[in-house]
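Given as structure tokens, the chain that follows is alone and in the form predicted on its own.
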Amino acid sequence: MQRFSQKVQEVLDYAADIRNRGTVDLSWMSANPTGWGARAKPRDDRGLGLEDINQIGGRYGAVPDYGDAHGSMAPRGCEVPANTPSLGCYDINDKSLVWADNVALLYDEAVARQWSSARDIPWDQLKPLPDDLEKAMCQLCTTLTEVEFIAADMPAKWMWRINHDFHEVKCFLATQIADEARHLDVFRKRALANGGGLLKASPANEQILRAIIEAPDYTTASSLMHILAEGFVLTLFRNGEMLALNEVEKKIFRLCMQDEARHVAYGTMHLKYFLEKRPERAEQIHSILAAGEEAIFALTLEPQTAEPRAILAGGGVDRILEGFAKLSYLYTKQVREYLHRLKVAGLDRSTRIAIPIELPN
């Protein structure tokens, strides 16, 4: 006779009771009486969004300041039995450490605006380019592929630790990971799709990326990545017409821009929420941003970063100086937009920024 463990035998005994005596439990049907009768309604023709669920209020819509201590994956609002085991890993339980008031809406937008790097880019429109322009675009794409890895790795590093009572944040970060995977994919594809290839990695790039992945907590990592690094990249994408050589690159920059804007919007509003709840942490954020600013400035002027952009902006290696003049304008725009986002978040670095706001002519 086959022997089973006690746990397996208990399940078999329960199945036997159902089969032989029709004994069933059904206690779950009386669970969570105050949560019964909920009716979520779509706001409009966009469908039933995550934010619409939160409009129910009560135990479903109210996001607690501190996540439930049971430490399980039980969804917010359900009844959690006393014997539910804690998994012991969801230790980011303070709402202020991850929350942003726009996060549910950003998730709804992210789900609605997903795109495909395989189908939505007009790859068939790529035509041969002069070597200097193709090499410049391939180098730019090499650098952008490199930075997109961190933009997926950072959320993945922290997401699994976030209490499930803040599932809106976890859902949004999951869309960011998908966005960034698509970005690194599309830039790598562009480097390999027109007779070129990947060129040179960036030591300066690795410095800012290392600062992000090794940040001591989620909010400092978010400030470095979502506001500083991705903010600079967002401004670059918004000015993609300056660098694009054809409709393929223009479409890539436009689609990546809409994704990047969500990430920056989340990071800005997260820092705002964090500082409202923990104003005493402002100096820590100032300090880590100062180090990040120095790293991104070194990256901006690194030859394999600056020179290909200048070639693209100027229209060829023989017009690289004209391109540098355009990049000077772009740099100033990047810095000013970064400072504006920080001000929206409640952090004024206009007199404390560690790098010049404008480059010398």
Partner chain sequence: MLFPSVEWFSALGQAVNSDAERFRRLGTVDIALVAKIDYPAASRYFEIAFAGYRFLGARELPRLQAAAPGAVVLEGPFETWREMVENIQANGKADLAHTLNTLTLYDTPMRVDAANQLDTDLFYRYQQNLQEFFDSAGKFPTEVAAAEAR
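Residue numbers count along the first chain shown, from 1. Remember, predicted model here, so these are calculated numbers, not experimental data.
Here the subject shifts to the form predicted together with the partner chain, a form of this protein not shown in this document.
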- Of these, 198-206, 248-256, 178-186, 143-151, which stretch puts a heavy atom within 4.5 angstroms of the partner chain in the predicted bound form? 248-256
- Would you mind picking the one in Asn239, Asn93, Asn194, Ser117 that has a heavy atom within 4.5 Å of the partner chain in the predicted bound form? Asn239
- Task: For the three residues Arg113, Ala261 and Val344, verify that every one has a non-hydrogen atom within 4.5 Å of the partner chain in the predicted bound form; reply yes or no.
- Result: yes
- Heavy atom of Leu330 within 4.5 Å of the partner chain in the predicted bound form: yes
- May I ask you to check whether His70 falls inside a 4.5 Å heavy atom distance of the partner chain in the predicted bound form? no
- Is Asp318 a contact residue for the partner chain in the predicted bound form, using a 4.5 Å heavy atom cut-off? no
- Heavy atoms within 4.5 Å of the partner chain in the predicted bound form: does His340 have any? yes
